[in-house]
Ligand SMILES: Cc1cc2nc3c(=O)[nH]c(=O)nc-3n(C[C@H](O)[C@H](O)[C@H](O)COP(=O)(O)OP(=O)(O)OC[C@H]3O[C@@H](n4cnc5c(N)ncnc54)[C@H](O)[C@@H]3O)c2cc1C
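Coming up is one lone chain in structure tokens, specifically the form predicted on its own.
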């Protein structure tokens, strides 16, 4: 018994000390897809090699903390697997727009994510081909690849050049015309008979390894040379004459169905990350550090007024550490002086001018079972909940200006999400969900409950989404019966709450998100557990 309780004590201590720290080089473990970063961007996409034609790149732009981006990751890996032999002409890559320096806007385009772009080696530019706005619940990896190929065919000349293997339709009326169209230097070739340029494109790319020695030309289905034949092999004899022979197209055409058995390969980290049950000041501070260094900077200079407005709101209702509160006060005073603030001016202030330095990112309550889980989105929810609680506490203390409305915090949060959060589907859901907040929130009490109900709606919608869920932190109705027995009025057969006592829930939320007390409460719990251990030791020694 004594050993058992000492083991429990060690685990409890570990829950305070084992904290996951986010690193800038934290990446998804891509296998078939080329992982692009700022350090390898130029060397991979546009190497200093004048002897070879550089390939076009299809690039998946994502955010490592975005659940909807994670849902697209296995499909993009399937695309990379399907296109593995296209590498001479098309490479498949991925770039994490949440990593590295975000003050430089030369790679990520400050748009909503996920998105897919085409990199053109001739112009050293990228072109948007498919964005999250075009995605629906029925969108398959094949659909995204079709969009990319169709876009590329429209810009191939300026993107790749005259050596692009997808050729224009030829229209010979006789074999003699064909002899004139096919260059004399070509001894072997194929004719692909189809009105569908996409099928032709796929066939050519799937034969990338031989296309230089055996080019493929496309004829319309209605032509004067072939009849009901899909693919023909052409050979120029020693005499110079061309002979044609039919190819079994059923055997040679590679089916355009991506392997649906390719699943996400996020590997489970061997060590278990233990997260604290109650949010801490570190969670709040980490959310703020992330948004200051990344999300807000992205909006400059175009969204200077929105940045100023959010920093003012954040400072007014900031529930985190005194250090961050002081930093936000100074930052608020700094941005007041600007009508237009550049990213460099903003970053220079943070890195050099400010006497208060930002802390490291450390997730306590929001520490996931692996690096792709919880993290920044979780800390944002904690921050938002804590801001509504802070507003209610200030109202109780008569410490708010008379013109402040109970809905102001929720409206500010909605504007922050709409302007700065880059997960397109997340933004759409949250903005639509809170679109009528001004009319629905009549008290500070109601503001706390409004965000709580909204969060539970999101959890319900995402509960069975594989890529947004942490198995150690299932998205169940919050709070659970174990967390607040008085809050629950009714549960279903799974033990999930279906009806709440909102007065008791309000009290619970105020306590749960009053983070100034969080460490004191956790210390009390630790002392209580230690006392239990000592008592059991004494009992076992009698």
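Residue numbers count along the first chain shown, from 1. In this text the structure is predicted, and so the values were computed from the model without any measurement.
What comes next is about the form predicted together with the named molecule, which does not appear here.
(request) Report open or blocked for the site once the named molecule, placed as found in the predicted complex, has been superimposed by the C-alphas surrounding the pocket (blocked: 3 or more ligand atoms within 2.4 Å of a backbone or C-beta atom; open: none). (result) Transferred pose: open.
(request) Determine whether any heavy atom of residue 63 comes within 4.5 Å of a heavy atom of the named molecule in the predicted complex, and answer yes or no. (result) Output for residue 63 is no: heavy atoms all beyond 4.5 Å of the named molecule.
(message) Since only the chain is shown here, I'm wondering whether residue 378 would be in contact with the named molecule in the predicted complex (any heavy atom pair within 4.5 Å).
(response) Taking the distances in the predicted complex, the answer for residue 378 is yes, it comes within 4.5 Å of the named molecule.
(message) With the partner left out here, check for me: in the predicted complex, does some heavy atom of residue 475 sit within 4.5 Å of the named molecule?
(response) Yes - in the predicted complex, heavy atoms of residue 475 and the named molecule come within 4.5 Å of each other.
(request) Spell out, yes or no, whether the shortest heavy atom distance between residue 127 and the named molecule in the predicted complex is within 4.5 Å. (result) Contact check for residue 127: no, nothing within 4.5 Å of the named molecule in the predicted complex.
(message) Within 4.5 Å, heavy atoms only, which of 326, 150, 223, 456 is in contact with the named molecule in the predicted complex?
(response) Answer to the contact question: 456.
(request) Let me know the one among 362, 167, 461, 236 whose heavy atoms come within 4.5 Å of the named molecule in the predicted complex, would you? (result) Checking each option against the named molecule in the predicted complex, the one that comes within 4.5 Å is 461.
(message) in the predicted complex, does every one of 58, 95 and 205 come within 4.5 Å of the named molecule, counting any heavy atom?
(response) Verified in the predicted complex; spot residues all out of contact, no.
(request) Could you tell me which stretch in 116-124, 415-423, 389-397, 193-201 has residues with non-hydrogen atoms within 4.5 Å of the named molecule in the predicted complex? (result) Contact-bearing stretch, as computed: 415-423.
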